[in-house]
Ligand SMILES: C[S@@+](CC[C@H](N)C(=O)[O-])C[C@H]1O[C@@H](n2cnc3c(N)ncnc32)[C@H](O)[C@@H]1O
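There is one chain below, alone, in structure tokens, taken in the form predicted alone.
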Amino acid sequence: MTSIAFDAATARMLEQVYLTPDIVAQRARVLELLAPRPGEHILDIGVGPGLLAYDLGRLVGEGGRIVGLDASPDMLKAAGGRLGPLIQAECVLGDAAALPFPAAAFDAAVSTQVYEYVADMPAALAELRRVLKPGGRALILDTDWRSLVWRCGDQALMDRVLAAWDEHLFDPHLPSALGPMLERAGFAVRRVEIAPLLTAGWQPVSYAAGILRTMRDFVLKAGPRRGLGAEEIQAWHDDQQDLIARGEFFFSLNRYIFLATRDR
């Protein structure tokens, strides 16, 4: 596995992507499903730049508590700047598979685009269950990259680029197995739904635009291990630019939302 460096530059990039209309809509749906209530204590695992945590903090109010956890100091710095005005919010450095909190500390927890990076999912879900109160809610959102539909002029080259891209994740297909994992960890799965990211026609302010840049930069580093040279990666990127210029760009990717409760 070749991981993405979640440094200050990545934090800035993620913030830009997370402010695009398609991800704003995803965040609104996450909030709707999690349904935070005033006074609740909520944990955001993988807080990133803190956009979701900020909304959660406002919804639980000063009588509640929102804790944003991340393994990246740069992400915590970005989140801390955003959450600073909220007295009910704090940021904590930590690992999703070894949560630094007492048992039954939270009414709810949320994790978006995090568990696909976690090597030991049984440990992570056991920790998630431990820190939730009985009846506590957990909302997990992750991507299955097999759901990708992305127009291209050279499918064989696209497949090689995507195989190199998969290397930044421990499990690029986590959602297909997540339901049984949750049940084995002591959760009851209450709802599963798709959060689609669709760009049918080029939109420079979109998740698709952000992932096109991010994927090119990552595969330039990871590609050589799979026999992908810089010229091939540039050809892949140029192909996308040609499709954009001709008005033929198309990108669709499914994320999956699981809402579960700790019932025992």
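None of the values given here were measured: they were computed from a predicted structure. For every residue, the number given is its place in the sequence shown, counted from 1.
There is also a form predicted together with this ligand; it is not shown, and the following applies to it.
**Student:** Whether residue 143 contacts this ligand in the model of the complex should be assessed with a 4.5 Å heavy atom distance threshold; does it?
**Tutor:** Outside the cut-off, so no.
**Student:** Just to confirm, residue 48 within 4.5 Å of this ligand in the model of the complex by heavy atoms?
**Tutor:** Looking in the model of the complex, residue contacts with this ligand include residue 48, since a heavy atom lies within 4.5 Å.
**Student:** Contact with this ligand in the model of the complex for residue 117, defined as at least one heavy atom pair within 4.5 Å: yes or no?
**Tutor:** Result yes; residue 117 sits at the interface with this ligand in the model of the complex.
**Student:** Quick one: is residue 14 in contact with this ligand in the model of the complex, heavy atoms, 4.5 Å cut-off?
**Tutor:** Heavy-atom contact with this ligand at 4.5 Å: present for residue 14.
**Student:** I need the one stretch from 149-157, 129-137, 69-77, 185-193 whose residues put non-hydrogen atoms within 4.5 angstroms of this ligand in the model of the complex.
**Tutor:** After filtering at 4.5 Å, what remains is 69-77.
**Student:** Though this ligand is not shown, can you say which of 83, 164, 174, 96 has a heavy atom within 4.5 Å of it in the model of the complex?
**Tutor:** Filtering the options by heavy-atom distance leaves 96.
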